[in-house]
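Single chain ahead, written as structure tokens, the form predicted on its own.
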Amino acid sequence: MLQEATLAPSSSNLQPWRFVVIQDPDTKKKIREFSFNQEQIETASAIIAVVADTEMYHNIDEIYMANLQAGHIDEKNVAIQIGNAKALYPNAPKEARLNIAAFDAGLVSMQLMLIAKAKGYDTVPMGGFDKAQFAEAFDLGDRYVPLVLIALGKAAAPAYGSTRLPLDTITKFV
């Protein structure tokens, strides 16, 4: 499922997401302590933490050269794209890179959740956890920022229903 999810689009194809898959019961119990006591942390088969790589630019050459080797791009255009990415990403403020990575992590997270559902699994995305404690517990360092925990498994009971705002109140056609 993770392999399929990584086919999600990302800014400049830099794929600034990383995953921590947590299955160990003791580790899940520890995470629950700083996740507002959310029950799914312990009852899910696995917790998939989606983590932003704020220094995604370290992968520019590897990614673009793989695209060249796969025949997805020619040498002239790969040189242009590498040059453009190297001029932009390393010089962007960390906050801007985090915003880009967070957006892309949202795409891969939703892709993962849709794939899981198609395979008969249920998911619960959880942004409510102490991200600093998570980063410390998993020794993420400054480069990586935890964004969302996705509980994965089979639901013990049907989920609560929810409503959505009417489309005409959230959409403007011009």
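Residue indices: 1-based, along the sequence shown. Bear in mind that the values here come from a model prediction, so they are computed numbers and not experimental data.
This protein has a second form, the form predicted in complex with a small molecule, left out of what is shown; the following refers to that one.
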### Message
Is residue 54 part of the interface with the small molecule in the predicted complex - any heavy atom within 4.5 Å?
### Response
no
### Message
Residue-level contact is defined here as any heavy atom of the residue lying within 4.5 Å of the small molecule in the predicted complex; does residue 141 satisfy this criterion?
### Response
no
#### Entry: Contact test in the predicted complex: residue 137 vs the small molecule, heavy atoms, 4.5 Å
no
### Task
Considering only heavy atoms, tell me if residue 63 and the small molecule come within 4.5 Å of each other in the predicted complex.
no
### Query
From the list 107, 46, 116, 124, which entry has a heavy atom within 4.5 Å of the small molecule in the predicted complex?
124
### Residue stretch of 46-54, 24-32, 127-135, 66-74 approaching the small molecule in the predicted complex, non-hydrogen atom distance within 4.5 Å
127-135
